[in-house]
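Let's start with one chain on its own, the form predicted on its own, as structure tokens.
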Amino acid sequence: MAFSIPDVNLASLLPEIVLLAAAAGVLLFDGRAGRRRAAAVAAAAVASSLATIPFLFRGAGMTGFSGLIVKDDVTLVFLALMDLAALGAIVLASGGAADAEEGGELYGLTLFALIGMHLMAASRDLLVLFLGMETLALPLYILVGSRRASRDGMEAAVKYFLLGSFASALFLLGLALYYGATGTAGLGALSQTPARPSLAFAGLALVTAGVGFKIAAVPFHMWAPDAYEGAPVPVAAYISVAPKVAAFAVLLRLGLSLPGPDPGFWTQAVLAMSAASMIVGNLAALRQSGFVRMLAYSGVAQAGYMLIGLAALPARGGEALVFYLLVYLFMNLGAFAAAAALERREGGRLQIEDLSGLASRRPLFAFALAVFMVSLAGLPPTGGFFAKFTLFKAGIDAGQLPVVLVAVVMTVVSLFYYLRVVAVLYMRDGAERPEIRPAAPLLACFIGAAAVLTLLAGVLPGEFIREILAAFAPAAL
């Protein structure tokens, strides 16, 4: 029996190797001074990963480990989005929102989770995908419970761990069924109709459910509100964006690997998840008084909008989804950055009523927060408007008019709680509210940059979409 040497090609994992070295190194830092050094090292590592992506892999792409890892142009777009989300979370944590006694472990765990997301986006095998999912999940469980003195944080971490373990079990069961039907764990087996399609599709449904947990789509969303509220705000910002990007990279790959122009059962399941997420997320957000908890249910609804892009495959749904994720990164991280700055005041969790009269005391800060809320609501001239327009148009062109109508109705519903924040900022008297200390300069710059990018995505959407189309055109999906 001939033995073939596997094509390892460590260069295909160079960004992940850089992140791994930095993640292991920053765990050695301790104390307040060590925490500052850990933040600098972690930010430099993520920036290095981001910088190596276009230089090493642009064009023909790169494969490693005999095709288990593939980094084509589309994968690189998702990797860049993850790195930007991680960089934003590091800036938030270093801006004074995290607990002062924390050392380098927060940044190290952030980098370990980022490595898992990289593996998820680049994998072409369900076993490698599972490895990436668990590398992502374990650090996040710890990060959610990193406030050891907070009972709510520990409770949220336990709930997140238990539900995450259940999702992992679903994924493994789906992997077993998929392997039994196709004889391989590679995603390429879906390009042709398998010999036992019912078994393969049952496995694919369970795999989709396991990945759906990462985007907090209904009915896999129960962990999100408690996890967001119990975790430190920078951690909540991180898990609200970065895992979604990784999970949608996987779901996009699954959807485009299915045989035929209309993989009916998978599309119907995605449509059901989309409609349920939009309805449950928006209606639940209406009842929230806490700002972060409202953003958690908003994230559930936003995941529902994004799922329309998957239902529009193999047409323009992929490009519309990536553009929506890009805008979502700006506006959602910006909203959480505002929450991080506001929670620097003395007191408990940030309530929406705590924003009363903020426009008169911090006009620029209030304007930036209003931009994020208006963009999340999908109103012009922000990036959120064009992101939703592009996504809805892709859904209509793919013949998914019913779910687009649900999305339009739920967008109108969302105006009530997004614009309520704007009304509290500008139309309430905040004389009796405690004075809020100015945000750290780095955090203030981050909020301003996120607001500018959110507006630019609305004023010049073609510049962003053109780059995304260029990535999708040559990619071998």
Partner chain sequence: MPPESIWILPALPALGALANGLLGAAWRDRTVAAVAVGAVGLALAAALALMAEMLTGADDRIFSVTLWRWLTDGTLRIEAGLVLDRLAMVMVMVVLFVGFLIHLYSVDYMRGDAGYRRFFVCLNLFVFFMLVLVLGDNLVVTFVGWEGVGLCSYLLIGFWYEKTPASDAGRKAFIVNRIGDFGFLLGILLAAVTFGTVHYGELARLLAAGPTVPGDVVAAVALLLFMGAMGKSAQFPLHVWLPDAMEGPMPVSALIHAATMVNAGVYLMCRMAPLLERAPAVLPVIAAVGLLTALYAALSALGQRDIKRVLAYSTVSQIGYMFVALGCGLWAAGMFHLLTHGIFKGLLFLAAGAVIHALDGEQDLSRMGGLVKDLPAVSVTFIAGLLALAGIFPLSGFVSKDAILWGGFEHYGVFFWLAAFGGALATALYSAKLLSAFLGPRRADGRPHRPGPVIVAPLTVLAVFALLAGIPGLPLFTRDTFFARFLGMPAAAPATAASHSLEVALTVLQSMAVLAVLAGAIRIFARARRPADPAVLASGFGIDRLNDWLFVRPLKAVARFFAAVVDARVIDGAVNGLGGLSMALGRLTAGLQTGQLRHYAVSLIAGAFALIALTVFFAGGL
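The structure displayed is predicted, hence computed values, not measured ones. Positions refer to the first chain, counted from 1.
The discussion below concerns the form predicted in complex with its partner chain, not included here.
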query	finding
Heavy atom within 4.5 Å of its partner chain in the predicted complex - residue from A315, A205, A80, I396	A205
A176, L286, V406, L379 - the one with a heavy atom within 4.5 Å of its partner chain in the predicted complex	L286
K159, heavy atom within 4.5 angstroms of its partner chain in the predicted complex	yes
Partner proximity in the predicted complex: V413 to its partner chain, non-hydrogen atom cutoff 4.5 Å	yes
In the predicted complex, R362 touching its partner chain (heavy atom, 4.5 Å)	no
4.5 Å heavy atom contact, V459 to its partner chain in the predicted complex	yes
Contact at L369, F372 and A444 by its partner chain in the predicted complex, all three, heavy atom at most 4.5 Å	no
Which of 80-88, 289-297, 305-313, 352-360 lines the interface with its partner chain in the predicted complex (heavy atom within 4.5 Å)	289-297
Residues of 202-233 having any heavy atom within 4.5 Å of its partner chain in the predicted complex, listed in sequence order	A202, A205, L206, T208, A209, F213, P219, F220, H221, M222, P225, D226
